[in-house]
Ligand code: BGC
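Only one chain is included here, represented as structure tokens and corresponding to the form predicted on its own.
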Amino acid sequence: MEDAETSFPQGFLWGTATAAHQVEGNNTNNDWWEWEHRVDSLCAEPSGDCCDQYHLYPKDIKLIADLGLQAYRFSIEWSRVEPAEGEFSQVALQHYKRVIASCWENGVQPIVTLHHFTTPLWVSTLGGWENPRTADLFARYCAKVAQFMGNDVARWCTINEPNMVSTIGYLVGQFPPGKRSRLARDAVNSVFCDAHAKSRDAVKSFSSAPLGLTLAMAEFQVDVQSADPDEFAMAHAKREQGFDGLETCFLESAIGDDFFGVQTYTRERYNAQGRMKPDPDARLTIMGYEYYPQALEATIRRAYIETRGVPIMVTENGIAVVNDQERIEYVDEALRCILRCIEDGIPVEGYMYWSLLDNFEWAYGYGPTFGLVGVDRETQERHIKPSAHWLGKVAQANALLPLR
């Protein structure tokens, strides 16, 4: 590994990412706000003011630029832009246009995600993502945003991790709307795939910027203690019932896109009994899953094959830890994974670390600390971590650097 190439291709894009509901604060008109405030909520705490990025975005974007990063992936909150069916807020559109302008003013490329987990309450009352009509409603909203922003957006991500929304929201029941139905999950996957296709066409009508879908992906490993073919077949079947089996329609939907967003954090292991827990002595993150940055290499390779050669962008990768040095070590190994893929001819166009800020981590609340930058939620003061400076120097060098 020491002898491997340590420089990235010219034009490789370095950045970081957030999502509107996780950092803006007080997004009161979507399904997640309602979910957080239920009496029987499964969330550790409500999102509240978050990091107040709705108002503090100029400082955060300048911070990104000062660190030496070149791109910022953030999401537009649908429930702000279209607070009621067919009613589009010029104030909200102007706000996001200012965010985009602030990026360019600081030499940072704005990468806009049009749906990042949250859905307007009025869409939820119509049946949410189980209703086939939602694909058309989403495409209409995307067209409105793209028309308003023109070519000011550097890249578009249509939908963030639709497989997570469908599985955790409609099968596992831990995200809104809290359903536990395989039929509902499958129906939602179909609507999301339709929504991606329709929103892609809608955005492309007004913008020439590259566009893609992002997907939650893990490295899947089958651990079989014996050489029994039947046992291996059973383990494979169990694996296919997990997240891997949910990727197919989305990977097929992405064929022909300008890029594909890989979002990877760890691996999943299976045996004949199903999904395995991490080994007792495994290194774990705050989220409870295994510290395994090597997973990124497998998912990049799988995505590139399954999308028939669509260029790859790592739109999310990161780790929630207390010891910031572990974050540096994790990202260093993840970047080595990217270099090995590039060396084999896979066009990986950039790396967006998740996340810029310690933010609202959905049902986990504010416990997990993924951020390059810490946030005092009483004062909203930002605290830059050593990992942020390290990654910024890597970005400026466009090459791997010592870990300290």
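When you see a residue number, it is the position in the sequence shown, counting from 1. Everything quoted here is computed from the prediction, not taken from an experiment.
The next section is about a form of this same protein that is not shown, the form predicted together with beta-D-glucopyranose (BGC).
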property	result
Whether 161, 289 and 362 all lie within 4.5 angstroms of beta-D-glucopyranose (BGC) in the predicted complex by heavy atom	yes
Partner-proximal stretch of 86 to 94, 187 to 195, 278 to 286, 257 to 265 relative to beta-D-glucopyranose (BGC) in the predicted complex, 4.5 angstroms, heavy atom	257 to 265
Residue 327 within 4.5 Å of beta-D-glucopyranose (BGC) in the predicted complex, heavy atoms	no
Proximity of residue 77 to beta-D-glucopyranose (BGC) in the predicted complex, heavy atoms at 4.5 Å	no
Contact flag, residue 22 vs beta-D-glucopyranose (BGC) in the predicted complex, heavy atom cut 4.5 Å	yes
Interface membership of residue 116, beta-D-glucopyranose (BGC) in the predicted complex, 4.5 Å heavy atom rule	yes
Selected contact from 370, 353, 57, 32, since only one has a non-hydrogen atom within 4.5 angstroms of beta-D-glucopyranose (BGC) in the predicted complex	370
Heavy atom within 4.5 Å of beta-D-glucopyranose (BGC) in the predicted complex - qualifying residues of 67 to 88	none
